[in-house]
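Two forms, one protein chain; structure tokens for each follow separately as structure 1 and structure 2.
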Structure 1
């Protein structure tokens, strides 16, 4: 590694006092930038309502067709470390805002382009990084300024935001179905005072069959599992008392090392009978509480139910669902208002949940267990997502997730801004004006930052098959004339007041995109050496 340090700096003419970069760090920087820009180019075409999809064949051979930036980046193999940072950036945006995963990467790519120009001017990377950070703070300020505060009771506004998010997805034609679902789901969970929504309380159950139009918000709970019917037990229970149990309903087996030893034929009957008796005692306890629907947690050690148990259950008219996953227990107990029961001794009535109806239906194709009319319902929501095949279904779930996130963003920060590239142009114009009031290298950097923001409207126009230069300049012109809400109307290919077109997005999506993208590229800029550790 000594050779590394000893790499002679190419002597530049000393007259330029500003910043003399050594050759090697510059190369590292450029390599990082090029790699990061390659990633941003890869997702660029999927931005916006007219964005296209990517078909990705993963290393395992499965095919994914998607439009979601985070999913694309997660699935491709980014090799360069800098490229990986952009993948992480998109993942961070996914966590923070849930939507705008494509735009954050596109923005980062464009900011890097701006930074590269500044570097070529001989400005020191740390100055660029600092100015960019300052510019981002300023940008967020401008964005907040033009945002429109909303009330969570304003259903129409929430719907508009969710629809805008869904319109850029493969499932856009179903946005009228999915957007109300997303809005409803979140609204059920929030109160006027809540500042966040735990998306774990919204469960999306996927079933192949039917079409996306059959996707619905269920009044109650939907289960991933089906009812066990091999012994002909009931598939419909009214006035259900639901027990969520974590033990098994099967005859006990002796431990591995222990064996039961029999030396008399009378004892043989006893063994068989004891097994039955053991089960029967359990069922007597269960029956005594009036329980008539059982959800059994999955166990790897023993069968959840054996055949004798199933026939008992049938005789007692108890509905059984088995293989409930460990991590579902919390959600189920919360939403059914019941407590998980770990042992038969603890099986008491107060731990049961009550519902009007537990039923396995197959209205739109696949069999689904629905629990409706839950009495002590916790604050949870179940969404039943349907799709004709797995590819569509997965994409439907991802889009629904994005839409939920958009609504969640509005809960976190109750403000909307316009879409269609309008806020970016607005901020870019104000930043450029602000840059004129600055002195020194900062002024250049602010100008570069302002220019870089224009990538969003440019890309929107490009993807829509419009002339980006004509569109973006007209947009700038309109904004300069004071039309703050002018944006690209992708449907007609013209500039119009984007708020009239109902294209809106949460403020948080844009601000978090700007903050995250800026921070990431500042980090990239400050790297000046690359050492591969073994």
Structure 2
């Protein structure tokens, strides 16, 4: 009886040889993938209009309730370096586009899953990384092809994009109030030739009281602080001349290392008299310029304004607002057309700002100082955000910021695409078709990239309580039949033309999400060791 010896399979050579990784690099890669996918899974449930909310307790004991991806990830204490990379990825998307911070992390998690399958097939990480980068370039091309150019004068298109962004937030029921505010705020700052908007020129002032419906865009400037009325000074000044001062309206004090001991009441009287005279000389100079409204910067060395000064200001009928923060000074000087004054000797009329009215009102509950009819107003906008409590107010501010960012995206790249998982399925189909024209391992990688893109519609369906397999299969079918704007309508649970439902998003949000997620994944794939520095 003859026995057949098992002949070893011939070793493959060339580019199609299976990649057998050494033990440690593979372990490092898998460790990175597990950590990054854990971060992705943490925020995945908060994607879309039917996404869940997260309750976060900060180290100070404050509670935040939100479904904004950037806020959630900023609060996560990620220890693993790969997990931190995904947190940074979300922050990068927040800077670039301002919206899509959850989508970008979910997409990165899905691409990692695809890359892991390719690694298990024995494809080299460098080939996977290069193929993914090529696929992302193709994906951006396909997205640009289906985008619809818009004009900044088209108010309806901007409103549709802002409303879509707000619909996935906790405050979605107030999108009809907040979306027009976001659009008007950005449109006031841009011209037809603008290529960007500095959101630091839009200030959101939060006041607890009233409801979100009381949120308004103010014609002029709103202050965070209230008028000082302890000495009975005015709360309303017409034809205001506004001084923005960075020095203190109080008598000088010795510094912390020195003390002055007075053991005679006559010396005490002399000190008080000198202090009053010092203040009187200051107020003579202030009154000489005709100034009748003072904004005083917060001071840590001594009182910004004391009781004696307030009694003088009341007699002079000057309105006083104190504790203006240092970082507000630039915004206020730009908005009011005045210059910050650091010393009483420099207090001159040419540095004052002019306004028709400075008034403290309490129409909708809390007291608010409004400066209206500013004469030399800079290009800035003030939004007064109202809410019944701090939790709602914080979320309202985050949602408004996202809506402002969406409109800013349309200023940067003036094109819209459909939402509702429609562009992802469209790009996924085209990439899968393109993969058939490629050869070798690159074709596998392109196919894996195309499959990974389907995570967005799948997650939208899952979070809306629909059957993801049935919905995504139907969506693919509709796109194959030529309905390239077919998307998931999470309200009805059906596939419909998503443009008719006014669900649109800026092209920049999707393209930057794809580019940033792919770059991060390629970076993770190329890491083969982990060294701790001393």
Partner chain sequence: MSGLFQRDPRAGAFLGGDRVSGQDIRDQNVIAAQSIANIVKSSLGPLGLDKMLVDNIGEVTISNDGATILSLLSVEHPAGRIFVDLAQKQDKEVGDGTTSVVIIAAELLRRANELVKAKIHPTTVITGYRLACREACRFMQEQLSIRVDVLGREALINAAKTSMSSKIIGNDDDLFAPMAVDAMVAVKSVNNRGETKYPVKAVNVLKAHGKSARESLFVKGYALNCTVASQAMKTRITNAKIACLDINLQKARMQLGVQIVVENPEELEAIRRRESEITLERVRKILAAGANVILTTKGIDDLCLKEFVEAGAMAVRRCRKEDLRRIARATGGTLVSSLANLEGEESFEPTLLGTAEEVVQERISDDELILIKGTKVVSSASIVLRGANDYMLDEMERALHDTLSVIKRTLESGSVVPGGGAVETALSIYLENFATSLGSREQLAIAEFAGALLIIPKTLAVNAAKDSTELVAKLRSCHNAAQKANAGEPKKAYLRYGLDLLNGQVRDNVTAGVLEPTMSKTRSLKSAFEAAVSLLRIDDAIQCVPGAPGVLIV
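Residue numbers count along the first chain shown, from 1. Rigid core here is just the name for the largest C-alpha set that superposes within 1.5 Å across the two forms. Here the structure is a predicted model, which is why all the values come from computation and not from measurement.
- Legend: structure 2 corresponds to the form predicted alone, while structure 1 does not.
- Core-superposed comparison between the two structures: the C-alpha position of residue 497 differs by less than 2 Å.
- Once both forms are overlaid on the rigid core, the distance between the two CA positions of residue 482 between the two structures is under 2 angstroms.
- The Cα shift for residue 465 between the two structures, taken after rigid core superposition, is smaller than 2 angstroms.
- If you overlay the core, the Cα of residue 58 moves by 2.6 Å between the two structures.
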